[in-house]
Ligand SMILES: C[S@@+](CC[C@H](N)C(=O)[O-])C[C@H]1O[C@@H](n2cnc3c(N)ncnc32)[C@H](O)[C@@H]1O
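Okay, so here's just one chain, in structure tokens, the form predicted on its own.
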């Protein structure tokens, strides 16, 4: 396992939802508002996770069908349990080898996944393969280099102050291409045309410090994986470092926000 990925953990669906899923659910409708897909389309979703984008498509865009692909058994099981709908077919598979027929959908989408895929060019080629001519390929990822996930940036700032070696695990270092220019270039290199890239933002208000801290202790994702790996005393030092440094309002809430880049292109 590469050193940078040693704390990546993608099986515990409930833990992931408490860490990131609750915010990705709030972001998905904004992505769809920008995409403006027609009703009655056939969709393929790459890396459906716990079903944030799947749920939004079902609720807002009246799809004819969705093939939702996810390699994690834990994530897929949680999504299936929440979204029992005849329009959705959940399938196990990877982004680089989608279990879907060529030219079988009108639109292929991916939410907060592409940066974790080892072969992003292959993943985009697969998304193009399953889309019919003239169909769209669209995805969004966090603006890691720009500090777009403020709660994650706050965590790593505190962590690296106590453990300088943690800097190698930070998402902005691991995913430097997650900029408007980098992602647009990635889409164009993959052969997509009429490529657009827009910022999508959403507030992430935490009720109190425990609401902020507790998801980091559950081990689902790089930062929580790192946190869970610490010895108890080191974890407590990190907890207190964060408590001291977070922008806490007088009522105890912690106001933050997230920003992602949403990319869309046409496959001919």
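Numbering follows the first chain given and starts at 1. Worth saying up front: this structure is predicted, and the values here are computed from it rather than measured.
A second form of this protein, the form predicted in complex with this ligand, is not displayed here; the remarks below concern that form.
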Notebook entry, point to check: According to a 4.5 angstroms non-hydrogen atom cut-off, is residue 187 in contact with this ligand in the predicted complex?
Noted result: no
Next item on the list: Evaluate residue 100 for contact with this ligand in the predicted complex, applying a 4.5 angstroms cut-off between non-hydrogen atoms, and reply yes or no.
Entry: no
Notebook entry, point to check: Do residue 80 and this ligand share at least one heavy atom pair within 4.5 Å in the predicted complex?
Noted result: no
Note to self: Would you classify residue 94 as touching this ligand in the predicted complex, given a 4.5 Å non-hydrogen atom cut-off?
What the structure shows: yes
Check: Of 88, 113, 138, 169, which residue is found within 4.5 angstroms of this ligand in the predicted complex when only non-hydrogen atoms are counted?
Finding: 113
Checklist line | Candidate stretches 177 to 185, 160 to 168, 115 to 123, 129 to 137 - the one whose heavy atoms come within 4.5 Å of this ligand in the predicted complex | finding: 115 to 123
Note to self: Within 4.5 Å of this ligand in the predicted complex, counting any non-hydrogen atom, which residues from 70 to 90 show up?
What the structure shows: 70, 71, 72, 75
